[in-house]
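Below you will find one chain, with nothing else, as structure tokens; this is the form predicted alone, and questions on how it binds or moves follow later.
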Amino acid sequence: MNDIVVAGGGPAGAAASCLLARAGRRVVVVERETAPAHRMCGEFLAGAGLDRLAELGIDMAALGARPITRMRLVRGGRATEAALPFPALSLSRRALDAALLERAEQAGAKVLRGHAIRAVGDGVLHIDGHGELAAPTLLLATGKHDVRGVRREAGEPADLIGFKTHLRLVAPEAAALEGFVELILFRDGYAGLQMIEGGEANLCLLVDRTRFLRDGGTWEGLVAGLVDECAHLGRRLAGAEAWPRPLAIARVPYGYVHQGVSAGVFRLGDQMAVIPSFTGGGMTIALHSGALAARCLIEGGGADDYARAIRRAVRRPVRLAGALYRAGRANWLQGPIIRMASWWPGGVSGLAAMTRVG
């Protein structure tokens, strides 16, 4: 019998597992990947997220994380810059997830790798290749992947497609990107780009399905269309080496905040709230939710106490991020957004600060 079962070994699940194991709780983490893997993620960490990692003993500099001090907002050939109002770092999810799960194991958590959870019911997890596992207390940290029996009650998601790839830019472009996170606006979508460890860059983008189909319904066609539209992005990608195929995801319920409470079930990260990727706050929410759930359990609280606390923490940032996300995707607003940012860079920094959690 285990005190707590954690479904998912990403930042939310691993952070909670580490803190609970340190407090003497018997914790089992069920992780579907057999080894650290790339994830669909902007790989941007800031503010309270970095505080949570420091509390867990994660040495981001030793992992190769790249410091980010400024943002660059781009549309077409025009760009404007502003200072970030909080400390920020960029690190691949593969490196971060590996470090966090290792820290959880060192604290005493048991990690079952390579096992997918197929369903949850009556306090029992049904796991491929492992049978059944009693879970009197379940921390649900499966990211955007729902599990039968405890699915999110999300509304109709937008018809969007997300892509991610790592790039090795040519030296001048890598140097120009160093220290920046670039937010690139284009018709029917936007992209984020920044350097990560190992001299690579992470490119994530979100696009309407209709735009994707207009560009031929292929990754290559979409990139060609974006390069034609955005000279800045064209310069960045010229001569770059990328993965053979990008990661992709569709129909993500951005702006979702879970409202219900199930006895013994603590929803972490994207299972609790899906902040629009426009503001790069997803990993901070994941880490904050993991720490909050662990503290609640250590102090004797229940799932309802945790749910109230995490909803208070995420409600305003998710709403504001949603408004910025809708504005950034609106083709007729993209030009005015760039002009406003040029006139008032401090306003851009202030809005970014208001989307932070923790």
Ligand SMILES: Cc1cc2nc3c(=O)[nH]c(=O)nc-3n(C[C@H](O)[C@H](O)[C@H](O)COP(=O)(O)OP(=O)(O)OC[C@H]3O[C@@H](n4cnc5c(N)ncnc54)[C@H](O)[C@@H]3O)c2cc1C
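Because the structure is predicted, anything quoted here is derived from the model rather than measured. Residue indices: 1-based, along the sequence shown.
This next part talks about the form predicted together with this ligand, which is not shown.
- Figure note: of the listed segments 311-319, 24-32, 59-67, 295-303, the one touching this ligand in the predicted complex, with heavy atoms no more than 4.5 Å away, is 24-32.
- Listed residues Ile184, Ile117, Leu138, Met71 were compared with this ligand in the predicted complex; Ile117 is the one with a heavy atom within 4.5 Å.
- With the partner omitted from this view, the residue of Phe180, Trp219, Tyr254, Phe86 that lies near this ligand in the predicted complex is Tyr254 [heavy atom within 4.5 Å].
- Although the partner is absent here, Met283 lies within 4.5 Å of this ligand in the predicted complex, judged by heavy atoms.
- In the predicted complex, this ligand lies farther than 4.5 Å from every heavy atom of His166.
- Interface membership of Ala12, defined by any non-hydrogen atom within 4.5 Å of this ligand in the predicted complex, is confirmed.
- Proximity of Val147 to this ligand in the predicted complex: non-hydrogen atoms within 4.5 Å are present.
- Looking at 24-52, the residues that come within 4.5 Å of this ligand in the predicted complex, counting any heavy atom, are Val30, Glu31, Arg32, Glu33, Arg39, Met40, Cys41, Gly42, Glu43, Phe44.
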